[in-house]
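Just one chain is shown here, as structure tokens, and it is the form predicted on its own.
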Amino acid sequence: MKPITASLTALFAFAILSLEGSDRFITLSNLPMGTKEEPLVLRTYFPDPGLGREVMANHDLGFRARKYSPGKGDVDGFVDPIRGIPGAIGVNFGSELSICWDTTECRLLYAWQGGFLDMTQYWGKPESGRRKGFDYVPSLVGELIYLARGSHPVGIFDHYTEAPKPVFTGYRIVEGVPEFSCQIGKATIRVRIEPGEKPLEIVKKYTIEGAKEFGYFESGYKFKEEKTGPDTFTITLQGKPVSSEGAADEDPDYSTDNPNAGWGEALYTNLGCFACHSKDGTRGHGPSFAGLFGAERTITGFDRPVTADESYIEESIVNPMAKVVDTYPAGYMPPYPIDKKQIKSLTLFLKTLANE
């Protein structure tokens, strides 16, 4: 395998020109492709197929500017910024999978199948070698199967009062696949992304070091998490076709329009509930959520057990000191000032957790 050679070749392909008399031509194809065995790595401008502001939270916004002529200076008219992503890295595994990984957000932005990039606008036509003067961002070849939604899927819960900005620290080739590395606070996150065994599957192999508590949640897509070690886990993500408007088709199990269990599961991770309350009966800093709904709980200072119904759960979220489960310390859980739809969604999610 020669991934590094392929990477460097692709990276500088726009500058590799041959001179033959007065004719100048590009020596590489404007439709570069790798293979599953020898992925192609390319750092270039990437198109934005409709990413939301939550996804691009650490990117600066571009603004409309006056038109400018090198000979005349400012001229009449305005120009909007090019809709593109300047700091991303693309990886192509052949027609099976292509990905766009961003070095600013340090996350997978989107994935597609069927091809990679058409570089004509940026590298130029073979007969001229000149790129397009404006709006020169390459175009995608193929069909989107994943478009990131919501905040970063990896949550580091060592600090509850701030969300540190991710810092890209580079990548290396591991088993022929790029392993991207970034720093979030004191935590180091490394991830390899590659095709899965089933159609539309994307596999993300994570290593997280320096974090006491962390979790993963993918908004709008079904995924399976497999723990492979104390600091390692694998996410198998199920992709799906993305509409031409740039938004993924709604997952019926996840919506923020009305209370639902899918939203509740996302909140369980995003709010850090998992750090104290397990889903499988394991004892933690707080009672397990397994089989909670409808069960009886012995409460410190109460003569009789209470039933964990909707009222009990809602009260415990906003006022955890009201009914402290026996044998657990008081004052450990902070109150969560979340809205009624979120509280209802958490309750619906807890109803789905049976004893295991």
Ligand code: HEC
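The first residue of the shown sequence is 1; numbering continues from there. What you are looking at is a predicted structure, and each value in this text was computed from that prediction instead of being measured. In this text, the rigid core denotes the largest set of C-alpha atoms whose superposition between the two forms falls within 1.5 Å.
In what follows, reference is made to the form predicted together with the ligand, a form of this protein that is not presented.
- The shortest heavy atom separation between Ile317 and the ligand in the predicted complex is within 4.5 Å.
- By the criterion of a heavy atom within 4.5 Å, Phe289 is counted among the residues contacting the ligand in the predicted complex.
- The closest heavy atom approach of Cys276 to the ligand in the predicted complex falls within 4.5 Å.
- With a 4.5 Å cutoff on heavy atoms, Lys165 does not count as touching the ligand in the predicted complex; it lies far away.
- Heavy atoms within 4.5 Å of the ligand in the predicted complex map, among the stretches 50-58, 33-41, 306-314, 63-71, onto 306-314 alone.
- Candidate site formed by Pro81, Ile85 and Gly87: none of these residues places a non-hydrogen atom within 4.5 angstroms of the ligand in the predicted complex.
- Using a 4.5 Å cut-off on any heavy atom, the residues of 315-346 that reach the ligand in the predicted complex are, in sequence order, Ser316, Ile317, Pro320, Lys323, Val324, Val325, Tyr328, Pro329, Tyr332, Met333, Pro334, Tyr336, Leu346.
- Taking 2 Å as the criterion, Asp48 does not count as shifted between the shown form and the other one: its C-alpha moves by less than this amount when the rigid core is aligned.
- When two forms of a protein are overlaid on their rigid core, residues whose CA moves 2 Å or more are considered shifted, and Gly185 is not one of them between the shown form and the other one.
- Core-superposed comparison between the shown form and the other one: the CA of Trp263 exceeds or equals a 2 Å shift.
- Relative to this form, Ser345 and Gly52 approach one another in the predicted complex, with their C-alpha atoms ending up at least 3 Å closer.
- Panel note: the distance between the CA atoms of Gly210 and Pro329 is larger in the predicted complex than in this form, the difference being 3 Å or more.
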